[in-house]
Structures are given as C-alpha cells and as structure tokens.
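What follows is a single chain, given as structure tokens, in the form predicted on its own.
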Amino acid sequence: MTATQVQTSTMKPTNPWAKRNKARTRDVVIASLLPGILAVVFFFVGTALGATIDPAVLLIIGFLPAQLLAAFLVGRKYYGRHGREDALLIVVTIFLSTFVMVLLLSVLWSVISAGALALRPSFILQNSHYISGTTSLEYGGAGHAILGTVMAVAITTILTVPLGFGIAVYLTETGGKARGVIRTLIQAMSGLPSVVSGLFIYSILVLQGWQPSGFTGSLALLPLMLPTVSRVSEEALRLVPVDLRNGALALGSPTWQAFAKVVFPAARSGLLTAVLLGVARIVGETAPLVLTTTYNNDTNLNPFNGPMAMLPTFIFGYIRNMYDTSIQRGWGGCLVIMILVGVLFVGARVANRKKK
C-alpha cells in the first residue's frame, strides 16, 4: 500500500454543509426573537400605563417592520446583497402564512365553539315544525335541511358528472377545433358569481311559471359545480402516461376501448377527486338557493314538488333573527356544513393517494 493510499484511507470525509457558523446562528436567533419580545414588552408596558393598544395594529406597524429590519441586517451581514432580498422574502412568506393560518383557525374555532351549543341528536334527526326563533335548542333541528341538501346535491351531481367527464374527455382525447373555446368558457365559468347562477335559473324558469323547488335549486348549482369537475377531470386524464394509450392502441384496440379499459381505470382516483371537490364546492352555496327555492320547516322528500329546506337556507333563515337561540341554530347548521365539507376533502385526499 502506498503512502498516498494510506493517507487517503485515514482522512475523514468532509461535509462543508454540516459546518455551522455559531455567530450566524446566534444572530439569526436574536433577529427572530427580539422583535417579538420588544412587541410584547411594549404592549404590557403601554397597558400598564393606561394606554389602549390594539394587538393587531401593534403586530402590523410594530412587530412586522422590526422583524423585516432585523432580517435585512442579518442577511446583509452574512450573505451580502442577495441575502437581503432572500431574508425579506422568507420573513414575509412566514408572516403571511402564519397570518392566514391564524385566520383559518379562528374561523374554525368560532364555528365549532358556537355550533357545538346546538349540535345534538335531536338537531340532526328532527325538523323545525312548530319551532320558532325563541324555542329551546332541545327541540327541533335541521334534519329536514340535511335531507334536502343531500337530495339537491345528488341531483346536481347526477347531472353534472357526465357532462364534466365528457368535456374532459373531449379536451384530452380528441383533436376537436372547439377545444380552445370550450376551455375558455369553462375557465370563465369557474369565476362566475354564485348569485348570477341563481338569477339565471330564476329568470328562465321561476319567472316563466316553474314552482320553486329542490330541483330548481339543483339546476342553479350546476354551473358552479361543472367547472371544478371538468377542470380536475381534465388534469387527471392528462396525468395518465402516454405510453399506456400508445400500448393499448399498438395492441389493436380501438380508441374508445383503449380509453375505457386503460385510460379511465388509470385516472379513476383523479376522477373521483374531481367529483368530491365539485360537491364540496356547492354544498355551502346560499345565494342560488335563496333565489330558486322556498324554505320549508317540514320534511319534503320530493325535490320536484313543493318547498324544500336546505342547510344554506336553514342557516340564512335563522341567522336573520335576533334571538340567541335562533342564531345558535344557524351556527349549528354551519358546523354541520363544515363537517360535511371536511369529510369530502378528506375523502378526496384518500382517493387521490398513491397506491403502493
């Protein structure tokens, strides 16, 4: 063995990324903690002196500028000109992400804490017959509205899913000249205000003599669900490898058979995700239902005849009253919708999970 081999075998492998600059780590920690500590001290000192300090205002005009300044100085000290922009970007990104997370958690906590007061078995199983705004929460519930929402969403899904899948297949599997126009229309529909959809069905059906019912409400929800289903389905079909299509065609299968037996099964989880996301998109819409349906305190199992209650209209009706019990019933309906949407999104994540 030569001297070079001995020297190489005894040398320890170097890892420059494992080396830490203690001074830099110290300055980063100080720059991260000092603005928050100063903001808290300023708040408590000002409160002790009798000053009225809004925490939100202190956060925006006190903590955030101090944090940006500290990050700017540390980034400039250790990384030069490029470090300044990187440090500012990191601080702003973390601050805005935390701000959005706090807003989301506050909304979730408000719905859960207020809706839990009304949520009980009777609230799920009973309707609001003989229930007024001052009736105790022990009586009555939103069972009829839950059934109405399930039936209306089911009708909308039955009407929308074939149309959305057909649009996705046309955009991905054919070479039609109208693909650009259809894709533009679908993208435009995705930004359609929900009240416009309700006004459309109200003007062409209700004003022409149709009785407001669960079916008219379902038709008003269709333009809101269609863009989500078609766009997510299109992306799911595009994710299928081209080799699968070409392999099926090379074996002599017709185009429709290659799609039905190869492409569609490969995109099944993505298509199911499209349906679940579309349902979650419409389950809480209120404006279209207010214009196209009539609220009913009783249970109506016929969506094509007579007024029908749904959870959004149930919430809208009780929130308008000024009684505490009425508002709590509205919060209970909000909690039920949030639970339904949460279940749908979890189902979408599970359906879209990669198989081992």
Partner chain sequence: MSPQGETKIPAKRQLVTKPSRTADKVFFGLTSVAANFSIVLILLILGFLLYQAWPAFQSQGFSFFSGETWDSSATPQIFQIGPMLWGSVLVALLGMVIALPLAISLAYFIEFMAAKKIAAVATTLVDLLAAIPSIVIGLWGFAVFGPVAQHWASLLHDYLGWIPYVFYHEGANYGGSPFIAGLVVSVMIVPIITSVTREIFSQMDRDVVNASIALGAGRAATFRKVILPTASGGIVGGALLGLGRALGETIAIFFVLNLVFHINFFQVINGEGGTVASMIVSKFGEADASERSALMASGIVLFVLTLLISALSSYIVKKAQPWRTN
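Source: prediction; values computed, not measured. Numbering follows the first chain given and starts at 1.
The same protein also has a form predicted in complex with its partner chain, omitted here; what follows describes it.
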query: Answer option from V28, V40, I327, A66, heavy atom within 4.5 Å of its partner chain in the model of the complex; finding: I327
query: Single option in L239, L125, I158, L89 placed near its partner chain in the model of the complex, where near means a heavy atom within 4.5 Å; finding: L89
query: 4.5 angstroms heavy atom contact with its partner chain in the model of the complex for T255; finding: yes
query: Exercise: A70 in contact with its partner chain in the model of the complex, heavy atom 4.5 Å; finding: no
query: Exercise: L271 in contact with its partner chain in the model of the complex, heavy atom 4.5 Å; finding: no
query: Exercise: P212 in contact with its partner chain in the model of the complex, heavy atom 4.5 Å; finding: no
query: Region of this chain that lies against its partner chain in the model of the complex, out of 70 to 78, 110 to 118, 132 to 140, 150 to 158 [heavy atom, 4.5 Å]; finding: 110 to 118
query: Any residue of 316 to 338 that, in the model of the complex, places a heavy atom within 4.5 Å of its partner chain; finding: F316, I319, R320, M322, I327, G330, W331, C334, I337, M338
